[in-house]
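Only one chain is shown below, in structure tokens, and it's the form predicted alone.
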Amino acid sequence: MSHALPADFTARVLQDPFLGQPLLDALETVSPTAVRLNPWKTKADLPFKSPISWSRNGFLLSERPKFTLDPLFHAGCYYPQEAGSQLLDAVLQQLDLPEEAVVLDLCAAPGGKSTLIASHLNGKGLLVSNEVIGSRAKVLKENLIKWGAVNTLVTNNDPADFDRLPGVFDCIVVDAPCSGEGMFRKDPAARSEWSENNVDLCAARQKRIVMDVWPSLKTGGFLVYSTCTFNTQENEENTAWFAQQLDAELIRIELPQAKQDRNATGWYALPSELDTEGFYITVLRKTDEAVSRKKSSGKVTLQTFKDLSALDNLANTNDLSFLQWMDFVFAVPTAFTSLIHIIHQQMRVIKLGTELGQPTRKGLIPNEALALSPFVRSEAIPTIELTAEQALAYLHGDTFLLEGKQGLHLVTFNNEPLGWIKHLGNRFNNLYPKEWRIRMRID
């Protein structure tokens, strides 16, 4: 390790019988690698070691591959996600949520928990994934597009902005920004950023975040609070403060593989006891009545798109509605069109369902999202299967000799779509988004 553990942190741990020397020893070992598979796409050929018992699609790997050089990673067939974070899957399974739940992932970038929630919803309900930092919100949008679910939005807002959506969400997941103690093994640089003062600042910020977003939770709804740190200030003490300030009910969940926290109100994944980094999770339920105070802007920003003849690349329009935003058309769940209109009016939306593309007189100019969504893409679209070498070159933004007829084609690897090309007969235009392209050398 290039950075020693902070002395004050070490002293804290040694004075805390809940953690102790075993945690310090574990933080000096090699981090495990874990992934979560996309249940709707091709199973990638990875060095699987064992399933993660608390995550339906999670696996530990025996070694860390170069994910960037795997075309199926770019196709959204799996997501590298720390095993402790995947405890969220076991928690969601225990919550008494409606069949078509409306869920907010408040601090969502880069997208691990959002893709997990989307898999849990399995095409039902609606997921709003939010990230306040613009550059991180773009990464979140990319990862959700690659995951392929239609019932997802991405917003780029401060938590306080959600008071414009009072009583909307059945569940809010707050994976709060924290002091990052649980990342000390995986990211040694995090050690140099830690201080007692930073712990205090993080605990205060976490209080503000939860208090800001609480009005948007329905009465009877659940707030899932998590961090990747070990200290009581950001975890048990904050949880108790939330319950007292908000008159919230602490919900008992069972995570037998994890370690119950110091107050028996939440659970820890500790690297001294599991093949994980550090993670903490707990659940509160809203018992007071949600107060309605919607601020309607009066703007009509979305229009219904009715020219289905322009959407000949769609497999199934059941339960979907088509909205036009500027010059582009989006597929969204019909059951939530009214709510989506409200969210679009009140928030800064940067991903709206599945973007199909731009309709023209000659047909649809398809968006990358259409290529990557198994729910709306037609199997009748002409495809060209690429070799591994060709797939990496395509993802790198290159062009090369490729046989095929002129026109728009979907290129695939292992029969899993990667994106679009416009074939010109003896060459093609590579339509893979420039901002997504592989930047490292691929030879």
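Predicted model only: the values in this text are computed from it and were never measured. Numbers for residues come from their place in the sequence shown, where the first is 1.
We do not show the form predicted in complex with ligand SAM, though everything after this point is about it.
*Asks:* What is the one choice in 271, 159, 266, 357 with a heavy atom within 4.5 Å of ligand SAM in the predicted bound form?
*Replies:* The option sitting close enough to the partner is 159.
*Asks:* Just to be sure I understand the contacts: of 283, 352, 145, 209, which is the one whose heavy atoms reach within 4.5 angstroms of ligand SAM in the predicted bound form?
*Replies:* None of the others qualify; the residue that does is 209.
*Asks:* Quick one: find which of 369 to 377, 128 to 136, 335 to 343, 252 to 260 has residues within 4.5 Å of ligand SAM in the predicted bound form by heavy atom distance.
*Replies:* Answer to the contact question: 128 to 136.
*Asks:* Decide whether residue 109 counts as a contact residue for ligand SAM in the predicted bound form under a heavy atom distance cut-off of 4.5 Å.
*Replies:* Taking the distances in the predicted bound form, the answer for residue 109 is yes, it comes within 4.5 Å of ligand SAM.
*Asks:* Heavy atoms within 4.5 Å of ligand SAM in the predicted bound form: does residue 113 have any?
*Replies:* Yes - in the predicted bound form, heavy atoms of residue 113 and ligand SAM come within 4.5 Å of each other.
*Asks:* Is the gap between residue 176 and ligand SAM in the predicted bound form 4.5 Å or less for some heavy atom pair?
*Replies:* Although ligand SAM is absent here, residue 176 would touch it in the predicted bound form, with heavy atoms inside 4.5 Å.
*Asks:* Wondering, does residue 205 line up within 4.5 Å of ligand SAM in the predicted bound form on heavy atoms?
*Replies:* Yes, residue 205 lies within 4.5 Å of ligand SAM in the predicted bound form.
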